[in-house]
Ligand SMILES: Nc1ncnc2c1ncn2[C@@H]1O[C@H](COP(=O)(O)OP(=O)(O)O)[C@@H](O)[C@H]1O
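Next comes just one chain, in structure tokens: the form predicted alone.
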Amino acid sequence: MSLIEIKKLNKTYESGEECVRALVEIDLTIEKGEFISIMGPSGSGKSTLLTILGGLNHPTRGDVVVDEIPIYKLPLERLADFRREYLGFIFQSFQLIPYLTVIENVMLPLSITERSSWEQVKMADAILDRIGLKGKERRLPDQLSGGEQERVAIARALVNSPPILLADEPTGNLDSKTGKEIMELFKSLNEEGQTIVMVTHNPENTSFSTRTVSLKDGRVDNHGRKIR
């Protein structure tokens, strides 16, 4: 059984009399442990697909099944529980809270769990050590480089050990050297078993993933080109 199954997925936006078909009859399966790059020109539906995968954007038609759970048939409250249990999100703009320290930012997803404060600190410390930020726990975001801020965002996404990591243009605000370092980190995480779905405009980033899916005009342009 695939970890993610997307079946006949359609998304249409209506603006006045205009109707925009953002996604058209998408069929896609993603296995546990894959690292998928989603590529395509601006307006091809990449970010729309990612937000639908993330339980943030109801499709017009079709199904998204994750770990045998048809997520858009869940009640809204259970859908929120699903996002917390299954998904880690990484955004291009980092979205760190400027007045919270590194470790406080990383602990945010744990604040709505029943774990004790001691457990939360221990989990945050462990993930910061894992991604190379040990010793910077008490710094504020503006005391970090762009690459370090991205690592904090990655740590925050991973602290709850979600089965799936969703990344939207994770190197978009980084220089090429730092972007490569972040992609090496993603590759390392994937080799440890993390399932990753990444939207990117940078063809060089696809060399780090296990498969590339191309979108064009809201349709899958291929069914995934194996990279490694």
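Heads up, when I say rigid core I mean the largest set of C-alphas that superpose within 1.5 Å between the two forms. Note that residue numbering follows the sequence shown and begins at 1. Keep in mind it's a predicted model, so treat the numbers as computed, not measured.
There is also a form predicted together with the ligand; it is not shown, and the following applies to it.
Using a 4.5 angstroms limit between non-hydrogen atoms, G45 touches the ligand in the predicted bound form. Although the partner is absent here, G193 is not a contact residue: none of its heavy atoms lies within 4.5 angstroms of the ligand in the predicted bound form.
Although the partner is absent here, P203 lies well away from the ligand in the predicted bound form, with no heavy atom inside 4.5 Å. Contact check for P70: no non-hydrogen atom falls within 4.5 Å of the ligand in the predicted bound form.
Segments offered: 157-165, 60-68, 34-42, 174-182. Contacting the ligand in the predicted bound form at heavy atom distances within 4.5 Å is 34-42. With the core held fixed, the Cα of E18 is displaced between this form and the one not shown by 2 Å or more.
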